[in-house]
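Just one chain follows, in the form predicted on its own, and it is written as structure tokens.
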């Protein structure tokens, strides 16, 4: 593994190795990144991803360099309208840095960066995938249930990047995964077929429905995310009208197993996709997930940069 752009590029044993290394470096930190420079390129705002990962790199002795995304990722076709081609930019950065951590709008941008960079590129979030969040979520599930127990996990809400990577990793680890959301903002047939094939390949299960109460029945964990992702603010009113029935509240949680956990990648819009009574409940694991964003960053950069 030379880069980490998606969960799908990794086998389950590779993902587990990343988690295991993360735990080892968290328990006994070693300066494995001493003298290493990690370039951060963020087109989108961030709290957990930026601060948690920078803290992880600091703990391991590395350095973070913050780059202006307008300089690094400017990709106009007309050579007189852009500063520099992404090919030249990546090849230059590769002479100074040891890895690139990029949060971008388009997954294709990451693919271009990885094609031309001579150093690892790690996806800090894009429009299609969020592998770092998925790793943190899997670590959280293992801390709560152990490695061997198969968990019934239901994602309620938007068919977005967080949901995609979460479903991928949960299926690769053999869990029972359910999804529910409004039909207008649903998976494509190709995506549903992909999830089904992953389930067959890994001895897991995947089901989906437009009915939230049906989806969460007998679930061990209910997971949601914002209904309106970054860059979709112009769609807010329309999307919220479709997502009203999918709010995770006390009534919906009652349909799940007794003591079911609640997960959310944050930031949360309280009173919209989740109510205070759920996110502030003792069975809410959102801050454990957030801490684990830092933990898994240690394994990822420790793996790719040493």
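Residue numbers count along the first chain shown, from 1. Because the structure is a prediction, the values reported are computed rather than measured.
What comes next is about the form predicted in complex with a small molecule, which does not appear here.
Across the proposed site, 125, 161 and 226 without exception bring a heavy atom within 4.5 Å of the small molecule in the model of the complex.
Site annotation in the model of the complex: the residue of 106, 235, 152, 230 reaching within 4.5 Å of the small molecule with a heavy atom is 230.
Residue 266 is the only one of 64, 55, 266, 272 with a heavy atom lying within 4.5 Å of the small molecule in the model of the complex. Looking at 240-248, 258-266, 65-73, 22-30, the stretch with residues near the small molecule in the model of the complex, meaning non-hydrogen atoms within 4.5 angstroms, turns out to be 258-266.
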